[in-house]
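Listed next as structure tokens is one chain, alone, in the form predicted on its own.
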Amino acid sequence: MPSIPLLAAEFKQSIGATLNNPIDLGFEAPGVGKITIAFLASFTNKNDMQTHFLAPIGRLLQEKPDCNWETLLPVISQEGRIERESMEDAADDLLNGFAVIHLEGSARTYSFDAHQIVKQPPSAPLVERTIRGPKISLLEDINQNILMIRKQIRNRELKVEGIRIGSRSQTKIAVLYLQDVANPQIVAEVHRRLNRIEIDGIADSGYIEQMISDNHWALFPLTQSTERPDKLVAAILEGRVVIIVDSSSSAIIVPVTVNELYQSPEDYYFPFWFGVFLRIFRILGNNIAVTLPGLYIAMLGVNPALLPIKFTLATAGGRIGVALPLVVEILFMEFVVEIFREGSLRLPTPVSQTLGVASGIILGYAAVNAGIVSNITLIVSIIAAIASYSGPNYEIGLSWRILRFGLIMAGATFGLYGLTIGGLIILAHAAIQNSFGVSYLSPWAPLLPMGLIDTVFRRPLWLKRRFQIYQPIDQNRLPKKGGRGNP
């Protein structure tokens, strides 16, 4: 509907209410404030605004303090100029990278192209690599990260709220969610936990993750960290909440379930059965990485009678001449693998690959010849190490790397019984965890039949309803009737 004549303060209030008062909404008032320019800082190039808008308007106001549209428009760049009669259209222009100029007492506004030039071009993700999908990662600038999300969600319901944390650092934190989708109770809980943080400074988003976690002693990550903007967009569309920290190239997604930590964006970028195939082998690889060393020592060291005789004799023959007990042998290889893994992360990239491969081959061959480890132990350790990289989330992989040592000791002490009991203890520990009111094992416990569609198998994109796992207030993913994408 057409706007009525507005004063400058009324224009600010109206445009802010239409956009849900995001933290990147800014206003400039050249001269005495008769003219107001609204813009989104994540989109706007401030140098261009100064050159094409603020400076010419300032000079005009010095000559003609009582200017009108007829005298104002000729002194401003005409590139991309659009006349608007309603606040809704003006707000849509802001979401598309335009600056909006309002003249006090006027019922109309004008929009001008003011797109931001990216200061630092995004690089490809270093940890969460995919074969198909966007090859960009988050930057250390909070406005640029908000811009990446706004480019994919150009909707007025996208709420962008801000807070500063750290008595000395005053680090900017942004909270993003869809106001008509995300559960208000979860949003309120996010703000409550952020507001209660008391610390002198924030160096990275990892600080925030630890301080808002439901259980600081949990062995599993109860928040999801990512460097991929497309994962943030997908999470927001599902009704989850995103937290972006200035000077950090990783963002936080809450709530999270253990099922979510094994999903990769490319599961949904490939056709349905391709995505299912990739996810099944990813989960299978994780299970192999976690259980294979413990199962190996339980079967050979404690319960060899359960194995076929030929297999038992072959493996026992391979261990002839090995000086170390089986449990010490497998623990030794696990320690070596972990040291290699950490060392390769710190070496320069051109050196780490060559040195890692060469050292692994030479040391493995030397260890077998020296009688420190057997061939079968070396094979088990290598398979487990490679399989541990099949998961897309580094934090959950680190959790299982720690728990794998516990399963090895359980298997070495009580055999298959110990391995089973150890697995049940881990399962019980995961079952009592929550992430912002959502069960960590959802949709398995509590059982949500519809949510099981997106677990081992991949959710079909033609399914137009959001799952109840994250308790969205709007389960329908179809556009609203009569809408253009913005309500």
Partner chain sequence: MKDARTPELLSPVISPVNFFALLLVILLGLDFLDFPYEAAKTCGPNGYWPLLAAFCLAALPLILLLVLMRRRFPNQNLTEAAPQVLGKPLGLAGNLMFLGCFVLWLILAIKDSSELVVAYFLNRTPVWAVSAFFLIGVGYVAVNGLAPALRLAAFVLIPTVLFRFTMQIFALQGLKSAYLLPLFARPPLDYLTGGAFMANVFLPITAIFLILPLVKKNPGNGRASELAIPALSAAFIAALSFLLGILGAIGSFGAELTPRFAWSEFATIQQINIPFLVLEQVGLIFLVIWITMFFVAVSFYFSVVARSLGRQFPGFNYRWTVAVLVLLVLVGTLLFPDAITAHAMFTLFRRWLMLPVFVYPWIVYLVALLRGVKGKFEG
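Being a predicted model, the structure only gives us computed values, none of them experimental. Numbering follows the first chain given and starts at 1.
If you look for the form predicted together with its partner chain, you will not find it shown, but the lines that follow are about it.
Annotation: in the predicted bound form, residues 305, 417 and 437 each come within 4.5 Å of its partner chain through at least one heavy atom. Checked against its partner chain in the predicted bound form, the residues 41, 456, 431, 55 give one hit for a heavy atom within 4.5 Å, which is 431. Between the options 441, 37, 49, 60, the residue in contact with its partner chain in the predicted bound form by a heavy atom within 4.5 angstroms is 441.
In the predicted bound form, its partner chain sits beyond 4.5 Å of every heavy atom of residue 461.
Proximity of residue 128 to its partner chain in the predicted bound form: non-hydrogen atoms within 4.5 Å are absent; the residue sits far from the partner.
Its partner chain in the predicted bound form is approached by residue 309, whose closest heavy atom lies within 4.5 angstroms of it.
Mapping the unseen interface onto this chain, residue 152 falls outside it, with no heavy atom inside 4.5 Å of its partner chain in the predicted bound form.
Note on the interface: of 240-248, 368-376, 295-303, 143-151, the segment with non-hydrogen atoms within 4.5 angstroms of its partner chain in the predicted bound form is 295-303. Scanning 210-229 for heavy atoms within 4.5 Å of its partner chain in the predicted bound form gives 214, 215 in sequence order.
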